[in-house]
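Let's start with one chain on its own, the form predicted alone, as structure tokens.
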């Protein structure tokens, strides 16, 4: 940890010594928050700066950046794949995706270079925050963005709370009363969804007989005697009293146990949630997970400037635009889930997959895959691969696994990288979630390569055990 923080200080000095800096970041919640932290930091220093959001860091973008001749390019939440290449681009990298050991350069801050796991110990926004804090301790007020980035990257999922360096960042936020951690139900929508809707879309764990079934959720709450409306307004989780919350939680736990889910899974109902103290209660930006989803609804549809301005503090025009995008995003997820189910999940021996074609946007196929893998409709014993057309003869591939599979040796980052590389393409990410872009028409060949690698990973671990 000491050496990681020393690296953050070194990169901070590079920033201080530069006049003009261009930020390049990823189009998801972690990317937007990371990019915003970098942008705010530079603005406060009075630097000349600009920012752009990209899906993938490919050779065309690198060539353009080289020709743009920026004094310094700051890659946030991406860039580890180029850390040993492109010497013609003056750069710094604050990323958390898996990288090679030989990418350990003074301009590169990545937890994997310091014995930490970037899939759950710190996010892209988190490592960017460490540089910002090294530049000026006053930038600790940016901790809410780092927490939103971590939650958007599902870094609280493995242990039902943030761990590793995320814990230090959380401590910073709590010390200035900007972030508050508390134990509560972990289902999405505590702040902004009617109670029955929160239960309807519950996953991790799914609620047998309730998840995906609106009327069943309504009936469940009625049977418990929970009043669902206050006048004309639907009550949300935050509107319930302690006794009502306890009753619902204990009833869900009992339901899971009687259906044979076991205590380990049942315990996942409760965990830490992260409140952004200075935001209005009952809004999408008061809870870190909901804030992250709001940002995804801007980034995934090419409206990153909306998410950027919300992160910069606009609570009028840009927040209203983000909320409109969120409505569309939620609808697209519902339609996308239905589309994938109707197309069918095809099972192979060591993985399962679906091909959405043009039916699901390539920017949300990973979210759909994750939701499916945490539903009653899909076998969670196999990693799930989702394909979606990108255009220009390319196909986006998103892979999702479970914590149980990772414990058995699954590393989707390595598997996707190896399979994509065999097709002269780029892949990578985290052990539990990874992506790649491959040529259209190469899907079957890619699946064969990927399945072979996954089989090797799981067999190797089984042999050790």
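Residue numbers count along the first chain shown, from 1. Note that the structure is predicted; figures quoted are calculated from it, not measured.
If you look for the form predicted together with ligand C5P, you will not find it shown, but the lines that follow are about it.
Contact annotation for residue 97: at least one heavy atom lies within 4.5 Å of ligand C5P in the predicted complex. Although the partner is absent from this view, residue 36 stays clear of ligand C5P in the predicted complex, with no non-hydrogen atom inside 4.5 angstroms. Residue contact with ligand C5P in the predicted complex: residue 287 places no heavy atom within 4.5 Å of it.
Proximity of residue 350 to ligand C5P in the predicted complex: non-hydrogen atoms within 4.5 Å are absent; the residue sits far from the partner.
Residue 426 is the only one of 426, 51, 62, 422 with a heavy atom lying within 4.5 Å of ligand C5P in the predicted complex. This chain appears without its partner; in the predicted complex, the one residue of 298, 119, 132, 143 with a heavy atom within 4.5 Å of ligand C5P is 119. Taking ligand C5P as it sits in the predicted complex, the stretch 162-185 never comes within 4.5 angstroms of it through any non-hydrogen atom.
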